[in-house]
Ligand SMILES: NC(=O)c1ccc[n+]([C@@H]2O[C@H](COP(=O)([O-])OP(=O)(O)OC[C@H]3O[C@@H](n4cnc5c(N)ncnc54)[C@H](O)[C@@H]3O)[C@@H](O)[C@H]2O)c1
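Form predicted alone, single chain, as structure tokens, below.
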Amino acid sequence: MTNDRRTFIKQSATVATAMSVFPTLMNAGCVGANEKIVVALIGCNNQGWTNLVSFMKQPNVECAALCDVDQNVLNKRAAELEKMTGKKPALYGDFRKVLEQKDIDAVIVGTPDHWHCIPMIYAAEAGKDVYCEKPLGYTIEECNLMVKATKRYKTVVQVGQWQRSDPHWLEAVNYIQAGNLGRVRSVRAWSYVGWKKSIPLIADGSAPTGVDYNMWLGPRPERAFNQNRFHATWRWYWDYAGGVMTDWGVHLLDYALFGMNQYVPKSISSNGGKYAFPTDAMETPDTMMAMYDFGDFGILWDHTIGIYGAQFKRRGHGVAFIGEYGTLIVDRAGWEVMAENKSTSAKAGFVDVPIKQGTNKGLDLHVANFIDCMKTRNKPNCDIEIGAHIARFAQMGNIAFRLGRKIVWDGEKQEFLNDPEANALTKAEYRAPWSLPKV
């Protein structure tokens, strides 16, 4: 978006006095209703496409361009978008061409994790606002640079942790922070990925016709093409992502921190491994527990693949705040409280709180909030600082796992304390001709 367009949009909007989790979706037409927002999607498979579909539900939003390294995916999504909107988008295989298109106000970065940083920073430099999928960055160094770029270019960035825009999650936090549970000493966040099966080992081969595999690899190490490392299953390889921890962990640990209103742990330790499928192709752990010690309370992350688990009323994911008077559990379906009734800390008269259902519209609300913030220039519900911090936090758990020992984080210096080995894992070596952007 050019500076002139930014100014026009800001002046034509009703500037919000406070951030709300009930944005445009709830009051369509009230904020800059006549100003069209033009978006482009970079990374058209899976979640990237899901994000774009949500954008297309919003009033006065148009998609002008699609970009993907797989021409097969690109053609499929272009046909679907034309059927949805009646308009043909421009198609690109290189995201840099998207950023040259002057009429585009915002880009959706829906690529794999290792391709978040460069497009996001280049887009900010080009004057575009950005909706970036989570986790924000592939490394801690990338996260820090993305924050720096956002501040320098005054970009509105919404990170795709859409629980931040789903009202029942905030209701749960408000309940906890009001002291209703008494003292909370233990928080558990978990994701049990029951649908996922083992990934059998397969031989390397040739990239499918229409796939620019070199571009897909981008800054990561050169590798022979293997289907396991490509669509959908790239998440289980250290070269491109951090497994369940940086997938589900950034969603759930974000609310563990938010609920406790403390963000910098004293130490992190982690253990686990490939316990479910020890000989399959996946590199990241299928079973893992990470402990974050804050001095007067702890947060435990727990994930496993291949089972859903029967704990906490068979919830496959969630966050549990275990307080003196009761335990609050929140997941995407809603939140509820189970009272302590036999413990020494039980409180007379404290009773269960029945489940408070969620809206099931978290993503739509998140997108609507982003669009509002493009117009008002307010901070979105999951701004760059929130997304960067929780991505770092999840990566700390993975670094402790990979080192097999306790690590200590210095929040002021944004590095591990007296630990060159751990600090080396906060960075990634870029493959030429790609390099870390200069900000």
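The shown structure was predicted, so the numbers you read here are calculated from the model rather than taken from an experiment. Start at 1 with the first residue shown and count on from there.
There is another form of the same protein, the form predicted in complex with this ligand; it is not shown, and what comes next is about it.
*With the cut-off set at 4.5 Å between non-hydrogen atoms, does W115 touch this ligand in the predicted complex?*
W115: yes, in contact with this ligand in the predicted complex.
*Interface membership of P135, this ligand in the predicted complex, 4.5 Å heavy atom rule*: Yes, P135 is a contact residue.
*So in the predicted complex, does N60 come within 4.5 Å of this ligand, heavy atom to heavy atom?*
The answer is no: N60 has no heavy atom within 4.5 Å of this ligand.
*Any of the heavy atoms of I42 lying within 4.5 Å of this ligand in the predicted complex?*
The answer is yes: I42 has a heavy atom within 4.5 Å of this ligand.
*Partner-proximal stretch of 139 to 147, 338 to 346, 208 to 216, 185 to 193 relative to this ligand in the predicted complex, 4.5 angstroms, heavy atom*: Single hit among the candidates: 208 to 216.
*Which one, S270, T304, T111, T284, lies within 4.5 Å of this ligand in the predicted complex by heavy atoms?*
Exactly one residue meets the criterion: T111.
*Answer option from G326, G160, G259, G242, heavy atom within 4.5 Å of this ligand in the predicted complex*: When this ligand is considered in the predicted complex, the option within 4.5 Å is G160.
*Can you tell me which bits of 233 to 249 touch this ligand in the predicted complex, meaning any heavy atom within 4.5 Å?*
Stretch hits, in order: W234, R235, D247.
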